[in-house]
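Just the one chain here, laid out as structure tokens, in the form predicted alone.
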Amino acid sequence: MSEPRPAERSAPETQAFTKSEMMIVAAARELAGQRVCFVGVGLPNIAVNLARLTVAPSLELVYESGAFGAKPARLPLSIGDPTIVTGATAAVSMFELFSFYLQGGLVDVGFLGAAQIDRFGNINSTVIGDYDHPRTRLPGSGGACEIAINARQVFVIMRQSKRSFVDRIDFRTSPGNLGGAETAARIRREEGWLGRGPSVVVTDLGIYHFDDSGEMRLDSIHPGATLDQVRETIGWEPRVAVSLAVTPAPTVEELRLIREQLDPDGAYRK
């Protein structure tokens, strides 16, 4: 068997990686084979740009402000960063982007972040606490709700804690599988939603997919993480795959791209 190329090798044990780097790499790898991705702000931004440089070179990035097929020359600072029009297939109004591209069924994956998520993949980015008297007022939906119901599938990336992975979210900004897969499927048909709902949730501890009931199931745990840590940082008893995998560590090349090209200042990876 031939020796793997350096870019394919996992990072050596002497080259440590952070939990955030592992999360970003794991999220990027989930995009292998995908074609069109609507990019949320924050962590989704770096994950999808890493995917475009590695496992999904043909990935078309869509940004809320109106860029379709973006090929940013550097990691965009926000959805309004001028670099998102670099090499873009089209630069259109937000109305056209949502009406003709997203609601037209042309988006394969919506990649989102959230402040809270529940076991069925419903997410909150609106308020923490009571809506009328919140402890924290968050940025709100933006385009997240439209992305969640119209992208063919939804990926979520967020750090795991009992404050973020809760039994009951304080506000449902964007629907996932609602109260379960059967209910969600019926409502999607009745409302004419195009998407199938959430498919993947990637955290700094592991990778979750959704079982037939529409509930998250831990399928892969990251190197160094334990099931005790998973259970201590989630607001319900998590379902765990019978054959729980260990996420492959980041490769040398993946770490180089994150550290040198995408996030040299460490805004996301630390």
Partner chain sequence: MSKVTSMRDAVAEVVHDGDVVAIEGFTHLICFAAGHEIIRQRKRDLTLARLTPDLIYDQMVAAGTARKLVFSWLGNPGVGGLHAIRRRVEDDDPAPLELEEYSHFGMVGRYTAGASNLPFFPLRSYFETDLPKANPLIRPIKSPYGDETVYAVPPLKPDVTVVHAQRADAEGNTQMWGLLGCQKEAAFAAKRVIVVVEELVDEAVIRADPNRTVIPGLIVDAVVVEPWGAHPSYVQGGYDRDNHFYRDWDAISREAASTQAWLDEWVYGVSGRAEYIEKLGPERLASLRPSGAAPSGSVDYGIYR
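These numbers were taken from a predicted model, which means no experiment stands behind them. Numbering follows the first chain given and starts at 1.
Not on display, but discussed next: the form predicted in complex with its partner chain.
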Only one of these stretches, 64 to 72, 236 to 244, 197 to 205, 23 to 31, has heavy atoms within 4.5 Å of its partner chain in the predicted complex; which one is it? 64 to 72
Its partner chain in the predicted complex: within 4.5 Å of a heavy atom of each of 114, 166 and 225? no
Please run the contact check for residue 187 against its partner chain in the predicted complex: heavy atoms, 4.5 angstroms, yes or no? yes
For residue 182, is any heavy atom within 4.5 Å of its partner chain in the predicted complex, or not? no
Could you tell me if residue 162 has a non-hydrogen atom within 4.5 Å of its partner chain in the predicted complex? no
So in the predicted complex, does any heavy atom of residue 36 sit within 4.5 Å of its partner chain? yes
Given a 4.5 Å distance limit between heavy atoms, list every residue of 93 to 122 close to its partner chain in the predicted complex, or none if there are none. 93, 94, 95, 96, 98, 99, 100, 101, 103, 104, 106
